[in-house]
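Single chain ahead, written as structure tokens, the form predicted alone.
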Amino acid sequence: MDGAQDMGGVAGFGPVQPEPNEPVFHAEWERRVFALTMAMSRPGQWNIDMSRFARENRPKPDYLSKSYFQIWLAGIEKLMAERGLVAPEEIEAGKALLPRRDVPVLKADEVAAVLRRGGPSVRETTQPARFAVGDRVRMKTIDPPTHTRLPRYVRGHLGVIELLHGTHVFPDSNAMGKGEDPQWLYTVGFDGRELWGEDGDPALTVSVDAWDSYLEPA
């Protein structure tokens, strides 16, 4: 979806300020939010794209007013509430108030294996790729109402196929629970001036990973 999270190429946010030796978590509550998100995906039966969409699908002022893990917390609250895993009064109180649900539990001794396994998205296919390295393609101009991985700043622009990554779960359909719809995934390179006009850096190249549905022949 075209929400506040799609900041690529958007002016007005100032320069990125890297934090030297940045820790994974800045506070204990952030660690707990990450743990909750991992643990609740088992009883909630949602996938990674549904989880991303729950974080992105927020009004712009709300999204931009939250820190990274505050957005994660808002997303997990939404997913749990939609499935009846938590009630509004429990969120308000910060503790369980209703009878315990009989749900699958991620146990402490299972965590390391779950994190190592991750969420692989590669799928087998017998369908040949539509494009090859060196092919010129144009990114489609789309306005999706739900989750997508196609940045706004490349839509409608010309690029060149740089790499083929095999077939992967298509996030747009997976986020809606409409199936994985595996598609070929490509890395597409764009010239800086193609994206930013004559004021763009002629030495700049931007690479974007894009699914087959996002591309059309140039």
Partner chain sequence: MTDHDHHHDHDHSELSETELRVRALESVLTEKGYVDPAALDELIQTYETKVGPRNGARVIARAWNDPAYRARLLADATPAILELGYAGRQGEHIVAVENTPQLHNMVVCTLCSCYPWSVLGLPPVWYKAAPYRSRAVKDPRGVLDDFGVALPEGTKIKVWDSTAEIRYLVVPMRPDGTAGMSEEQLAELVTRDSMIGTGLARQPAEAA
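Please read all numbers here as calculations on a predicted model, not as lab measurements. For the two forms, the rigid core is made up of the largest set of C-alpha atoms that agree within 1.5 Å on superposition. Positions refer to the first chain, counted from 1.
Quick note: we don't show the form predicted in complex with the partner chain, though the next part is all about it.
* Asked: in the predicted complex, do 136, 145 and 176 all reach within 4.5 Å of the partner chain through at least one heavy atom apiece?
  -> Looking in the predicted complex, the three residues 136, 145 and 176 all stay beyond 4.5 Å of the partner chain (heavy atoms).
* **Contact test in the predicted complex: residue 194 vs the partner chain, heavy atoms, 4.5 Å** => Outside the cut-off, so no.
* To do: Could you confirm whether residue 218 comes within 4.5 Å of the partner chain in the predicted complex, counting heavy atoms only?
  => Flag for residue 218 set to no.
* Closest heavy atom of residue 85 to the partner chain in the predicted complex, within 4.5 Å or not? -> It does: once the partner chain is placed as it appears in the predicted complex, residue 85 has a heavy atom within 4.5 Å of it.
* **Heavy atom of residue 132 within 4.5 Å of the partner chain in the predicted complex** => Output for residue 132 is no: heavy atoms all beyond 4.5 Å of the partner chain.
* Asked: Quick one: which residues from 29-47 get a non-hydrogen atom within 4.5 Å of the partner chain in the predicted complex?
  -> If the 4.5 Å heavy-atom criterion is applied to the partner chain in the predicted complex, 29-47 yields 29, 30, 31, 32, 33, 34, 35, 36, 38, 39, 40, 43.
* Asked: Against the rigid core, is the Cα displacement of residue 11 between the shown form and the other one at least 2 Å?
  -> It does not reach a 2 Å shift.
* With both forms fitted on the core, give yes or no for whether the Cα of residue 203 moves by 2 angstroms or more between the shown form and the other one. => No, the C-alpha position differs by under 2 Å between the shown form and the other one.
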